[in-house]
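Single chain ahead, by itself, as structure tokens, in the form predicted alone.
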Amino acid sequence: MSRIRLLPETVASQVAAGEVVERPASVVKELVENSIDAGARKIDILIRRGGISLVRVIDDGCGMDRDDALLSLERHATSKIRSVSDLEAIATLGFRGEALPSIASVSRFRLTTREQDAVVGTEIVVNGGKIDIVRDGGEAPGTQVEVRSLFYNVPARRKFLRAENTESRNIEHQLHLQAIGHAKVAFTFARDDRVVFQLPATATLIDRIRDLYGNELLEKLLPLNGVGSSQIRISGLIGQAGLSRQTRAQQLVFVNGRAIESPLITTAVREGYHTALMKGQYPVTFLFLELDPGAVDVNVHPAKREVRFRDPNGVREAIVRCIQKALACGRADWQEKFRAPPAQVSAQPLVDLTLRPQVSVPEVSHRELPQCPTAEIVGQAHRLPVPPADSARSDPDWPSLAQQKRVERAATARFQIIGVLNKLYVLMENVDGLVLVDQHAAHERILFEELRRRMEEQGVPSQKLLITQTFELPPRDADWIEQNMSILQKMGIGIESFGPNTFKIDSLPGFLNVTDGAQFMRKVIDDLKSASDRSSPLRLGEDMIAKSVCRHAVKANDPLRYLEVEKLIQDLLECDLPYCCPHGRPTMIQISNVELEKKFGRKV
């Protein structure tokens, strides 16, 4: 007796529905994508009980005639592809022809559609995958889909749904993705007959972000306007250095208008920010990639969440370049803003409100440094300028000098230093209001970039090992090391092949404290695989560099004279990333004039 049998059509449809329809948010996603593919300019979504009781999607798209409406409920029936070659260049959001029949097989389903120039439309009612009614309909041009009692005939699936509030939030998140990815489409979302948001069609992404998140977030975003390469165009908005979240909830990526999740792009974004983020934090990104549909495979996952790129390294490099370029442009804006004084400063004597440092000022440049190969470089890099004997050194009471400097700075349109708070925070004034600078974090950033630059120019000092270490790696990792042997040698790692999949290390960078060579090389491989091809060969040692400069930077309660503070700010503004220290902490905090006026009740 045969043990293998064909499944009934109803069971097969429900099995297939499990791949496409995971929860009510999946239903909304598929229906909204169909509406966008149909050319809709306005989409209305209504849900009840978290989408379990009802999901209704109404659009003003092209609509369908009766034959197409009936065919749309058959499995693998679609208007978006015709042949196998079409799968290699998919330009639409949907293409499998599975969404409508899968949804109809696990719900009480109603479809009403009408073409723009048709006198009447078509209404189709389906219960659990079986067509019950087909008749003329009188709805407006476009398509309306109602999905009631989702999973009523699949209790095993229904009992795994979350609470209604959770399902509603998932639907709202999905609609946010669609609204951000298609700013020219108007969206209205109602939950239990209460309007949650109503988004008009906009011309730009900026307007859509303002409608969804407000001006407060928008003001902290930087535009991405540039061609990543000849094959890929990257646009969108990313958060300024220091703007981050504890989750990836606002790290949104779109490929040809499709919201996707990609470890490759997540890694590239992190690489682009590099030291501009604290560990464990994630940037805010609204990243749009446009490339030839033939260069990306979206036919990977039934829910179409994942994609594969034909040239993943090219995509990663393009993203890294664009993010670094945007952050650099943001740096130029910061430099101009902090160097511009708010108003002309009078030459009259000013009231002395600055904090007086102690008379006995320890020499920052005379600190004792640890004995290591980089001690000399660190010692040279960490020194702040010492005022000449006939100025601040003869008069440690520097507020009077500060007043004179403020007048000079105003005449030459440079930044103004007000004073130092708690021997840690430098108070500055700029055109937007008050600026607080953490002198320790600022000095860390200066030392970090200076030390990294010197080591790149002069080479990484290496230290010979007393005992040569050998280790064995898996074939893929061994092949990667053989291909990147020159990069490892630039990093100060003396490594050479010692047999099949076996390597020998006889020297390591002097600033690294390594006890287990094999474990160290595994970390090298993991870190450099995720790094950009254009990354510094010192990327692996940057954590150690950051720890080293942290010990040598000026600390809290270290009093600095005016010229030292001035030099600190000047050097900080010349850094590649002046807004944060090597650990990702902010170096500067801006308190705007508007915020100050609100605090004092001058504005509501």
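The numbering used is simple: start at 1 and walk along the sequence shown. Quantities reported herein were computed from a predicted structural model and do not represent experimental measurements.
Keep in mind that the form predicted together with a small molecule is not shown, yet the notes after this line are about it.
Partner contact region in the predicted bound form: 32 to 40, out of 32 to 40, 47 to 55, 557 to 565, 574 to 582, criterion any non-hydrogen atom within 4.5 Å of the small molecule.
Of the residues 122, 78, 244, 416, just one reaches the small molecule in the predicted bound form with a heavy atom at 4.5 Å or closer; this is 78. Proximity to the small molecule in the predicted bound form, taken as a non-hydrogen atom within 4.5 angstroms, holds for one residue of 99, 426, 179, 234, which is 99.
When contacts are judged by a 4.5 Å heavy atom cut-off, residue 143 counts as touching the small molecule in the predicted bound form. In the predicted bound form, no heavy atom of residue 272 sits within 4.5 Å of the small molecule. Using a 4.5 angstroms limit between non-hydrogen atoms, residue 72 touches the small molecule in the predicted bound form. When contacts are judged by a 4.5 Å heavy atom cut-off, residue 187 does not count as touching the small molecule in the predicted bound form.
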